[in-house]
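Okay, so here's just one chain, in structure tokens, the form predicted on its own.
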Amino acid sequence: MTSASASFVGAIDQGTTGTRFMVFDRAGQPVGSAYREHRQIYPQPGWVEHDAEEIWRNALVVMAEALSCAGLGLGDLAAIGITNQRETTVLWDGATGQPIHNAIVWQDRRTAARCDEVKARGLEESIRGKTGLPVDAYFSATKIEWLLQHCRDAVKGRRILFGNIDTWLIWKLTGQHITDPTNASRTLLFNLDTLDWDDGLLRLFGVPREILPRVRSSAEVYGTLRPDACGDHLDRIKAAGRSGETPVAGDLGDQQAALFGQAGFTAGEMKNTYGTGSFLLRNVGAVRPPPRAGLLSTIAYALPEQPVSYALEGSIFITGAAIQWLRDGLGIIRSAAETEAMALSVPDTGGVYFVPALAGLGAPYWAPYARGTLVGLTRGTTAAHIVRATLEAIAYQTRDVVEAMLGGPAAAGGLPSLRVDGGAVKNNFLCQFQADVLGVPVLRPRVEETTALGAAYAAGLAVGFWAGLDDIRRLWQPERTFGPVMSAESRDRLYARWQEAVQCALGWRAEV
């Protein structure tokens, strides 16, 4: 149970482009936040890496900054929850704590050929039957295999540990080697029926069981903050509280955390998170869903002494990252905040469509060799048209996945509304166009950072800060509702042209 003097819960939200720490009160409202980006490392085309030590250092810095900003110390926190970019793979030396290689990021495509080999052996259906996942370089198994094979000298004679970023941070904070089912279910090594690592898949990918973390529920105490974990970073706030006793107590993969933060506890509820990629999750309850073309079966959350809740997921690889590319790659914007005004400065895209397959296409296509494609360019095309086409592409990709989940258009009645979150939902143009292209209301919550909020909720449940799911459900409130205003005829015409543009991207094969 939580200390009576602790009035807040903290959450580390470790994402693809940066790390955030947020502090929430009992009403689920943020009282402190800090964020820091980390480097994106591209050793070769199609390869993406992160420095796990840099991520760890940044986590400490933002913890200190957020608590200092709020005028709080560690003693004011009932618990710290973790949420993380999923699939990103770290191997480290269990004795020294040093990574043996940069983390291989979920976007990385270096093992696509290995996945092709597995599929050529006719193993994909059996693997999907166990894991709910297609065989794709997106997931952790082939990343682990690659690291073990290419870092043999660094591995030899050492006690090597594997983790996605959640496990890495929990280990650094507490010394415990732990993950939860939402993250384990993204490795391509976890059996959704037995809720354990699958020995057959471990043999297939050459992964020793002893390097894998223990799988615990999504909302329990994993350990307490080690007194020496934070070094000098938190010296100025340690005096305010019991730093060695702070529980680390909740763990959810980022997209499941967003569903949790959106109070998506009832079967049928759906959310979309707009981050580096976009991820739609639909809670389907305690019965594992049958495989559905183009979608993933995954675990929504696992609470102690309760049946696991499953979800259908559509993973869109590049959405917010496309905006980052406009800024860093093309230089046509200086910040994401400019995109709304630029999009509204033109009445439409002038016939331009952008398919942002910069790391292949995820759901519902699963086309690793698709490449980004701009079509419909003329001499009249301006930067504003391209920016608008990029924002519209985010909404079109969402419709692709919604229709795969529902078996038809949302406007036909299968989805009463869509809850949205993530950094991009600050963009009113995007939210309105999303409502228009789906034909259903889009609900933006008062707390947009629902990924961090979900991790805080899980940690708070673990220590009794909140009594149960009903307490959390009552806290959810919409900040704004965007109702569709576009005619059905216009909506379907624009979407049909989008589908033609996707076919152009699918037809472009490039080396990885």
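Rigid core: the largest C-alpha set superposing within 1.5 Å between the two forms. When you see a residue number, it is the position in the sequence shown, counting from 1. Computed from a predicted model, the values in this text were never measured in an experiment.
The discussion below concerns the form predicted in complex with a small molecule, not included here.
- Residue-level contacts in the predicted bound form: of Ile323, Ala137, Val402, Met270, one residue has a heavy atom within 4.5 Å of the small molecule, and it is Ile323.
- A heavy atom within 4.5 Å of the small molecule in the predicted bound form is found for one listed residue only; from Phe433, Tyr274, Tyr310, Tyr353, this is Tyr274.
- Although the partner is absent here, Thr111 is not a contact residue: none of its heavy atoms lies within 4.5 angstroms of the small molecule in the predicted bound form.
- Looking at Asn427, you'd find a heavy atom of it within 4.5 angstroms of the small molecule in the predicted bound form.
- Taking the partner from elsewhere, Pro181 is found to have every heavy atom lying beyond 4.5 Å of the small molecule in the predicted bound form.
- Though the partner is left out of this view, Thr88 does not reach within 4.5 Å of the small molecule in the predicted bound form, counting heavy atoms only.
- In plain terms, the part of the chain that comes close to the small molecule in the predicted bound form, with a heavy atom within 4.5 Å, is 336-344 out of 287-295, 336-344, 166-174, 256-264.
- Once both forms are overlaid on the rigid core, the distance between the two CA positions of Ala336 between the shown form and the other one is 2 angstroms or more.
- Core-superposed comparison between the shown form and the other one: the CA of Gly277 exceeds or equals a 2 Å shift.
- After superposition on the rigid core, the Cα atom of Phe265 is displaced by less than 2 Å between the shown form and the other one.
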